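Presented as C-alpha cells, the chain that follows is alone, the form predicted on its own.
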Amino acid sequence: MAELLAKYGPWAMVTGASSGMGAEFARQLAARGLNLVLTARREELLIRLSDELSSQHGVETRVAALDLSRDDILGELERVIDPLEIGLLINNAGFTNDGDLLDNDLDAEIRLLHVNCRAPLMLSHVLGARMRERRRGGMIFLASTVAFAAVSQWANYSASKAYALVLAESLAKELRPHGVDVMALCPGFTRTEFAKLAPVNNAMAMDADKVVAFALSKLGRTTVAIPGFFNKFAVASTRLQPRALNSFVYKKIIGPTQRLSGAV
C-alpha cells in the first residue's frame, strides 16, 4: 500500500469515477492513501463518492463534474488540477453504442471517439508531460479484450479500445526512461452494479474489485495487463486464429450481452 503512494502519489485522477470500475479504482486508491480528483458527468454521484472516501480514508478529494466529449475539457480541468501534483492518471471513462455502425447516430459515434480516445490523449499529454518532468508517475488506460478482435455491432467501440491499447503500449516505451509507468488494462466481462450480462457471459465475468486490484498490482511490472484465465486464453487465441475467425468467435460470445444492454 505504501509503495503505491510513494511511487505515484500524492494525487491520482480517475475519469468516469461516478460508478462501476471508475468508482472501484477511486476506492482502492483512497484505501492506499492517495488523494483523488474525481471526474464524470454526474455530480451528485461524484459528491457522494467524495464524501465516502474522505470520511473512510481521510484523503483529500476534488470533484470535477464534466462531460469528456466537450471541446473545452482541459480548460475546465485546469482550474482543478493545476495546483495539484497528480502522479497517477486512470483513463477509465468510456462507453459503447450498440448496433450496426451505419444505422447509429453519427454524432453519438463521434462523441464515443471524444470520450474513449480524444480525452485520454489530451489528459495523458498534459499530465504525462508533468510526470516526465518530475521523473515519476503512472498512467492506466482502460482498453478491453475486444481491442484484439473486431466486433460487429461494436465497430467503433472495439476500434477505440484498440487505440487505447496501442497508445498505452507506445507511451510506455517513450516514458519508461523518464520513470513513468504506463499500462493498458484489458478486462473482459466485468460485474458492476450497472452491468447487464447474459447468463453465459456472467459465468465468465470477474468482479470489479478483483479487476482493479489486479491492475494496481501490475502497474510498473507490465505494459499490458489481462485479468482472469478466460480473458488471457481469449486474447492468446487471437494470435493463433485468422482475424475473420476472431471476429466470428467474439461476436458469438458478446452478442447476448449486446442485446441486453449494449455495454460491458
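This one's a predicted model, so the numbers in the text were calculated from it and none came from an experiment. Start at 1 with the first residue shown and count on from there.
The form predicted in complex with a small molecule is left out here; the points below concern that form.
Chemist: Looking at 82-90, 155-163, 129-137, 169-177, which lies within 4.5 angstroms of the small molecule in the predicted bound form, counting heavy atoms?
Modeler: Going through the listed ranges, the match is 155-163.
Chemist: Can you tell me whether Ser50 touches the small molecule? I mean in the predicted bound form, with a 4.5 angstroms heavy atom cut-off.
Modeler: Judged by the heavy-atom cut-off of 4.5 Å, Ser50 is well away from the small molecule in the predicted bound form.
Chemist: Tell me, yes or no, whether Arg42 is in contact with the small molecule in the predicted bound form, where a contact means a heavy atom of each within 4.5 Å.
Modeler: Looking in the predicted bound form, residue contacts with the small molecule include Arg42, since a heavy atom lies within 4.5 Å.
Chemist: Within a 4.5 Å heavy atom cut-off, is Ser124 in contact with the small molecule in the predicted bound form?
Modeler: Taking the distances in the predicted bound form, the answer for Ser124 is no, it never comes within 4.5 Å of the small molecule.
Chemist: Using heavy atoms and a 4.5 Å limit, would one call Phe148 a contact residue for the small molecule in the predicted bound form?
Modeler: Output for Phe148 is no: heavy atoms all beyond 4.5 Å of the small molecule.
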